[in-house]
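Presented below, as structure tokens, is a lone chain in the form predicted on its own.
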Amino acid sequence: MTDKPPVLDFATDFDHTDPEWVSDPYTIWEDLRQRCPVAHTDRYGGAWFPATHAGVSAIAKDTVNFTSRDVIVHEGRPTEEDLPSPIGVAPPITSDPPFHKVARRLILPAFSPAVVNALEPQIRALCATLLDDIIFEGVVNASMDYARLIPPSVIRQMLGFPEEDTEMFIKAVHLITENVDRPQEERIELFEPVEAYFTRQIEDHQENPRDDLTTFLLNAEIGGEKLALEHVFGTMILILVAGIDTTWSAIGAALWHLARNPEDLARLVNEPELMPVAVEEFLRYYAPVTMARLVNADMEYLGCPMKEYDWILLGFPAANRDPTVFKDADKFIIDRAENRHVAFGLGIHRCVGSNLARMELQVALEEFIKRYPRFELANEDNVTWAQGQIRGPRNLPLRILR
């Protein structure tokens, strides 16, 4: 972590890694919506944050004025060499049109409802096994010992990686999504072991093909030619990051909510048919992902003098709390009937893995409350949250009630 000055005014000097933002961003976003709907900061080389649903939607759907070639805000402004086109560093999420459409279509079958539904029995069995393995004396760290371990196992099997490497995946995700306030040179150096690992996996799959997503990517073709290795590498990184930290955070946030709201927990225990609707409200209210864009050229947009390569931090979670779009937006309504949330994004980059994320979240919650129908926070002060663009509880001590 770097030693940065604290933020005094989030409208003119915001920082999404500031302790106040990390612990409670919702109060900040509500203030911004009322007095400064598009915040600015000189940090990270210059960045903007639209806090309204309208602002987020406009930018997310505008692929002319904004590029997706880098989606994680970090120190310094990127150069053309840092932004390989048209592939981007993690296609398709870092690909712009028209290449984006081709790259996205390529991986859609791997996340179809049929494929995802076929995974449910093994994910349910995994959750049960994790709960069997938890050793506790009345208190469970539901984030580290449960939520954290579900998505890596699923993604590992999809990519065809060794089971013993699960912890490495989690460390890689932390490096990519949370260490954004480190100097860029340091982040590149820290990433080298991750790059070496994925390179070895690609080489191993080339020598020993099997029925998994990595081999599929290596055999896939665009325009009659196999994918460039950097395309394969980037998509593997995307699936790892997008499939692990986001779902881990969503599961953890939902359990945190239920521990603090026994009436909602009781409803899910007594009305299991309510779970699919509740999942959508968990996703709206605790949307974990804030995505980024880069400004393509100097311009005025939403009344703001944006510069080329300024960052745009797209607050999908903030959009989900906008009272002009959602009735009682600041309230968690477990049986909310109308819920067109944007937890999975907007526009062409809407999350490819939304079916998988929904299913993992639902199964993880169902299995946990089946095992532990009554629980509460053991210590509110000991709960910690991830910094950066993916928000969820990292330390989550729950007291199991008998």
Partner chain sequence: MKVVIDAELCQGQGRCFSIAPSIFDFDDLGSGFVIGDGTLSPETMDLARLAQANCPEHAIFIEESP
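Note that the coordinates shown come from a computational prediction; the quantities given were computed from them, not determined experimentally. Residue numbers count along the first chain shown, from 1.
Another form, the form predicted in complex with its partner chain, is not on view; read the next lines as being about it.
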Does L108 make contact with its partner chain in the predicted complex, using a 4.5 Å heavy atom cut-off?
yes
Can any non-hydrogen atom of A337 be found within 4.5 angstroms of its partner chain in the predicted complex?
yes
My question is simply whether L346 lines the interface with its partner chain in the predicted complex - judged by any non-hydrogen atom within 4.5 Å.
yes
Given that the partner is absent here, does R33 sit within 4.5 Å of its partner chain in the predicted complex, heavy atoms only?
no
Among 108-116, 183-191, 299-307, 243-251, which stretch sits within 4.5 Å of its partner chain in the predicted complex, heavy atoms only?
108-116
Please tell me which of D264, D145, D96, E280 lies within 4.5 Å of its partner chain in the predicted complex, judged by heavy atoms.
E280
The one residue among H257, R104, R156, R77 placing a heavy atom within 4.5 Å of its partner chain in the predicted complex is R104
Whether K61, H341 and R358 all lie within 4.5 angstroms of its partner chain in the predicted complex by heavy atom
yes
